[in-house]
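First, one chain by itself in structure tokens, the form predicted on its own.
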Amino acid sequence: MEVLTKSSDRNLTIRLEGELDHHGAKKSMRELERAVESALPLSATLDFSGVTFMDSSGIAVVLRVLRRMRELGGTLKLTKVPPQAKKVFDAAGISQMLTIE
């Protein structure tokens, strides 16, 4: 799992690439936490266009970023979520907690 970040004017965009499974989630979570702490954004976007597979570990990653964004008074949205990952999010009710485009 690769995490690519871009920050501008307290807006953070994070592109995820690869498999977001148990092994990829641990590394991704650390990198996402560092990116959020460095940028202290008011809005963050997780771009899932490069995610080739996701299991329930991806839910934990998203919830951790969502919790931190709320602590900062900011927002989080997910974009370009592939159908397989969308099914995982829908089953967990994530689409009711944040915007999925």
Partner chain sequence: MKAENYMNLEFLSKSSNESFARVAVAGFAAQLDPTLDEIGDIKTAVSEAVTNAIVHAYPDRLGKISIKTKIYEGKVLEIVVRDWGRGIENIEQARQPLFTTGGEERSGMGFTIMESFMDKLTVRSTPERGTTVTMRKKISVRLSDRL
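Every value quoted in this text rests on a predicted model; they were computed, and no experiment measured them. Residue numbers count along the first chain shown, from 1.
Although it is not shown, the form predicted together with its partner chain is what the next lines describe.
A.B. asks: Evaluate Q84 for contact with its partner chain in the predicted complex, applying a 4.5 angstroms cut-off between non-hydrogen atoms, and reply yes or no.
C.D. replies: So Q84 counts as contacting its partner chain.
A.B. asks: Does its partner chain get within 4.5 angstroms of any non-hydrogen atom of R34 in the predicted complex?
C.D. replies: Residue-level check for R34: no, no contact with its partner chain.
A.B. asks: Would R64 count as touching its partner chain in the predicted complex under a 4.5 Å heavy atom rule?
C.D. replies: It does: once its partner chain is placed as it appears in the predicted complex, R64 has a heavy atom within 4.5 Å of it.
A.B. asks: Indicate whether its partner chain has at least one heavy atom within 4.5 Å of a heavy atom of L72 in the predicted complex.
C.D. replies: No, L72 sits far enough from its partner chain in the predicted complex that none of its heavy atoms falls within 4.5 Å.
A.B. asks: If we check its partner chain in the predicted complex, which of the residues in 74-101 reach within 4.5 angstroms of it by a non-hydrogen atom?
C.D. replies: Q84, K87, V88, A91, A92 sit within 4.5 Å of the partner.
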